[in-house]
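Below, in structure tokens: the form predicted on its own, a single chain.
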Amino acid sequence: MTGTLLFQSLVLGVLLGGLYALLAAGLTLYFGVMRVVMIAHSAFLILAAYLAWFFHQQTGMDPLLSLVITVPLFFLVGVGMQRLLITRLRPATLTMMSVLLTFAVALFIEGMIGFVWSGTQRRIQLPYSGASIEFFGARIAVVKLVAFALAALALAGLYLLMKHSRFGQALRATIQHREAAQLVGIKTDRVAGFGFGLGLATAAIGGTALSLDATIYPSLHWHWIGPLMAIIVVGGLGSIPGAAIAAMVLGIGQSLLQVPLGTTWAQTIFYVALFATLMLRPQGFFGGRLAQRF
């Protein structure tokens, strides 16, 4: 591997890691707030990507503008899903039953996408889709930069919301200790609903970013759920900063391995990291105090 190729792989790894961090943030919120394993998160990502594609097809405008519609829509769907479905599960078996429930939701979304838009592969063609810029000898696709910028802005907004708003403080308190939060007057059920909605809102942003540089089809979500689950386990369940660090490390690792191993084998880094975490540090390498500080 030449120096230029190594540098380009590192840059692409950072861009990919930023997108992974955004996609995994919602999964971390679900588990942190309600201990829910949200299998349907990646299905909502693909649904958002399809909505962005459909918006572009109908209006001819940049799919990023569809966020004005999809973000509040997904937030409301998340709040409704938490209140109408998740809260009806028994607390003693919530985590286990949430897997089955959200698996069914993922299948429903996949079937709905296939019914409305068929199983044909779709891709958004934009004026800047084939454009690239040169950065110290590395050629970086503009769509990857746009997706990374969108992910960075979304994560920065999420950080500010969590750290510098009353809702963020209530949400962090609910994540850290639900019963203690109730004792100080926080309405944890309402906070959990809004937290669930916030998780789906990140899915709307992530899916739109994904649509800029990916060919989409209804069953694509099964390709994403494994790596995203690996990220939140490695990062520490419930830790958004941990998930972001894990996403960046694994994204760079995947990009570096693509040159000698190819795209398919490079993705095994997520599962190797998952097995290593479960054997060596089940609570996650970046969990614990890091999660508490956030």
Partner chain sequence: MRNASDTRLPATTPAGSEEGGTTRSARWSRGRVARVAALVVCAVLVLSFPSMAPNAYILSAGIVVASYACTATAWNFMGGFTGYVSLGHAAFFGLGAYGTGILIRDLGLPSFVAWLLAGVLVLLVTIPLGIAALRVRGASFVIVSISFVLILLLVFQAWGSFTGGSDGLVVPRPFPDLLRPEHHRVFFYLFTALLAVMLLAWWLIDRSRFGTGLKAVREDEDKAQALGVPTRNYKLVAYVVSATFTALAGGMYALWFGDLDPIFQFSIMLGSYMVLMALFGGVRHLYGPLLGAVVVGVGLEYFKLEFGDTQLHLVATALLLGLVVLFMPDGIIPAAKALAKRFGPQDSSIREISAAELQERNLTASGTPSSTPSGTTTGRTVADDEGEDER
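Bear in mind that the values here come from a model prediction, so they are computed numbers and not experimental data. Positions refer to the first chain, counted from 1.
Below: the form predicted in complex with its partner chain, not depicted.
In the predicted complex, its partner chain sits within 4.5 Å of a heavy atom belonging to Leu274.
At a distance threshold of 4.5 angstroms between non-hydrogen atoms, Ile245 is out of contact with its partner chain in the predicted complex.
In the predicted complex, its partner chain stays beyond 4.5 Å of every heavy atom belonging to Leu10. When contacts are judged by a 4.5 Å heavy atom cut-off, Leu237 counts as touching its partner chain in the predicted complex. Annotated contact segment (heavy atom within 4.5 Å of its partner chain in the predicted complex): 260-268, selected among 40-48, 245-253, 260-268, 53-61.
The single contact residue among Ala149, Leu161, Leu76, Met97, judged by any heavy atom lying within 4.5 Å of its partner chain in the predicted complex, is Met97. Shown here without its partner chain, the chain has Leu85, Arg88, Leu89, Arg90 in 59-91 lying with a heavy atom within 4.5 Å of that partner in the predicted complex.
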